[in-house]
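The chain below stands alone and is given as structure tokens, in the form predicted on its own.
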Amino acid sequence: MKEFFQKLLKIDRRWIFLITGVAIVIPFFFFIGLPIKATREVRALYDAVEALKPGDVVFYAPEYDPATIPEVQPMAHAFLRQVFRKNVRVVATGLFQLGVALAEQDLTLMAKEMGKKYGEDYVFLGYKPYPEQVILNMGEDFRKSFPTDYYGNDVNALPMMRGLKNYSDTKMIVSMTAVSGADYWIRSAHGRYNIPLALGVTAVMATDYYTYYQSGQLFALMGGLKGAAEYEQMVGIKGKAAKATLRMDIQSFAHLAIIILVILGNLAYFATREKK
């Protein structure tokens, strides 16, 4: 046994890289879907959407770029699937310049998947500079910042926008964000107009926004890949469409492989250590 541990301590590090690589690759070919317990702050958004009635309107603000797709896009897709499944209508903006195209693509993709029609079930207002001023203006009237939508249509000509003036005509604001623009929504949308606000943020941002959740300024908060995977499982997204769940499997297997290697390394060290 001692000889085995001595060999283990001298193993070529490339074998360690190979073992870790295999652990990462396995979930790609064998989807496992490890169970993930939903936390209270994530469940709050799911329950709020489930409580909505067909025809209700939510305001949706996706603000992330290609670099943060792995964490934030699964949240966005799960949220849009849930609201469209509930026949809830969506009015959206894209106030982060680098993420406008992504916002439009996500809306179009999910609407097509769920059989929703533009102008009746959802509207994408698009981008305007100076986001905090835009957010304040929309609190008075969406048309003040967006007389036309992303595609150049007159907002008043869209059936969904008839009778829809500002945030008070929506049930909540939900922003999937990877930028500091989240502060604008807290300060100028919830703070000024007292509209229920939920955020989906990257893992590195989550610790900053738990304070707002605990104070009640946010009614729900999704943080990073784990938050996205929790939401996916509640919405019932399965298989390859559950991208966050798949990535959590990959992360979990990689962590497990590293833990096992660390334990073996420590066992080998103590088993071969010379007594003084």
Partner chain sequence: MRKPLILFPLVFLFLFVFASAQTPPTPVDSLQAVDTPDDAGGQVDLTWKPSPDEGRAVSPVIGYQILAAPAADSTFVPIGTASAGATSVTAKDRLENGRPYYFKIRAYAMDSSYAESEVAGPVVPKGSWWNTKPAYLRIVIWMVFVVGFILYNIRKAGKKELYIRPIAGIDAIDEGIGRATEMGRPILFICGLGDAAQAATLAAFSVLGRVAQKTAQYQTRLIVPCYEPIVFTICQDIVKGAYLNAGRPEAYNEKDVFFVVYDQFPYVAAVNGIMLREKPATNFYLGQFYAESLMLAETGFEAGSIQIAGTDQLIQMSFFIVACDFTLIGEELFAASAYLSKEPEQVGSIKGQDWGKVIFAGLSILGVVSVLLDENLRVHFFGFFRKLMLNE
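Note that the structure is a prediction, hence the values are computed from the model and not measured. Positions refer to the first chain, counted from 1.
The same protein also exists as the form predicted in complex with its partner chain; that form is not shown, yet it is the one meant from here on.
Judged against its partner chain in the predicted bound form with a 4.5 angstroms heavy atom cut-off, the residues Gln73, Asp106 and Ala241 are out of contact without exception. Of the heavy atoms in Asp169, some are within 4.5 Å of its partner chain in the predicted bound form. For the chain shown alone, Ser180 is a contact residue for its partner chain in the predicted bound form, at least one non-hydrogen atom being within 4.5 angstroms. For the chain shown alone, Leu197 is not a contact residue for its partner chain in the predicted bound form, no non-hydrogen atom being within 4.5 angstroms. Contact annotation for Asn153: none of its heavy atoms lies within 4.5 Å of its partner chain in the predicted bound form. Interface residues of 108-140, taken as those with a heavy atom within 4.5 Å of its partner chain in the predicted bound form (partner not displayed), are limited to Tyr130.
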